[in-house]
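Quick heads-up: it's one chain on its own, the form predicted on its own, in structure tokens.
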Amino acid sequence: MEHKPSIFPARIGILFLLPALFFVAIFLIFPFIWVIIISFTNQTLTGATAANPQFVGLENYARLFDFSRWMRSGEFGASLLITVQFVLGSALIGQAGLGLLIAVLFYRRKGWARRIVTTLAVLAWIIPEVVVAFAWFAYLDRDSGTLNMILSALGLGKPDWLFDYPLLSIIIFNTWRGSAFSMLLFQSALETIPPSYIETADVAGASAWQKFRDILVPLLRGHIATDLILITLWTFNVFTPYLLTGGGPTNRTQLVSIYTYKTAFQFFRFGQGAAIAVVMMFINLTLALIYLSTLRRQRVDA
């Protein structure tokens, strides 16, 4: 006699998932839907529209994409351009490049130098953001900062880094803080490469650059793509530079995350802030889809 499979295990599994689904709904799905709803209103924190917000349709989105003021200082377009420059410099070139450089330099090497560099990089990554930001603020201070004291002793002057080079300062700051993830990812990936590949190249007389270009990079291509997409997602939404510059001077470091914060919580325009957040969520969703499609292609190629 044929027995039908029991449906109870599936029901029990769903029962165990219910607490997690509840928290996902409360802390992720509901806020997501609520932000979308608010983005179609003129809700503010104070005034008549605080208690009785009105439906304004796409007015908040039209203001964001008003190309007559798109690139003015302090507007969404200018903040988006600054964010793209920050991501390119900090994530794609800085964090990925520095992380790969450290991993390759210490590939197949043991000893105290590797342990010290790895430990310092990880410490920079795990120290609380507020502590790191204030430490860098003190480091870059014009009058009594450590960097300017060193430069002054060498006769190179005392530039005002946070005023004259604000975007460069936060790019270097975020690169220093976030390179540990790329370094650890590439170190793990390099450990999977058979040593015979490098040994064969050594016997053939290949230079360090040839081994990097012809052996390491092709074998690390999938890991490089994964790293670039992940740190792009994180860097696109980072808020820590606000602790260093406040978005200034004159909005020159006003990333989209800072622009959203100021719109919603300094000027109390919740409707406009929600519209910015929705646009950013769709940008993040696009990047996440690229990430998933990249992983799928890697599985197919494998």
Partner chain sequence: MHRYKLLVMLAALAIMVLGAAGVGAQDDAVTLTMTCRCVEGGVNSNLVVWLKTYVIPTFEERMAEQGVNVTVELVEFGGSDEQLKQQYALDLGVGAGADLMSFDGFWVPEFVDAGLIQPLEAIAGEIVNEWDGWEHIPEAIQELLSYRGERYGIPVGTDVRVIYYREDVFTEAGIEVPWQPTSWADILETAEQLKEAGVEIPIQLNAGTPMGEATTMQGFFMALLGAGHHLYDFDEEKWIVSSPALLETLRFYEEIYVNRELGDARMQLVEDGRQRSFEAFANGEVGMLVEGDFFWRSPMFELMGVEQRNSLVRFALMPAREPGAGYRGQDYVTISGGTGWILNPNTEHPELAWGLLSHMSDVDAVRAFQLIQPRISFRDDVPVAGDPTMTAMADAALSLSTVRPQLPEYPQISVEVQLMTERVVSGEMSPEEALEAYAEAVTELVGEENVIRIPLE
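Positions refer to the first chain, counted from 1. Predicted model, so just to flag it, every value in this text is computed and none were measured.
Missing here is the form predicted together with its partner chain; even so, the following discussion is about that form.
Using a 4.5 Å cutoff between non-hydrogen atoms, Arg213 does not count as a contact of its partner chain in the predicted complex. Using a 4.5 Å cutoff between non-hydrogen atoms, Thr200 does not count as a contact of its partner chain in the predicted complex. When its partner chain is considered in the predicted complex, Leu45 lines it closely, a heavy atom lying within 4.5 Å. Within this chain, Pro249 lines the site of its partner chain in the predicted complex, having a heavy atom no more than 4.5 Å away. Residues are counted as partner-facing when one of their heavy atoms sits within 4.5 Å of its partner chain in the predicted complex; in 263 to 293 these are Phe265, Phe267, Phe268, Arg269, in sequence order.
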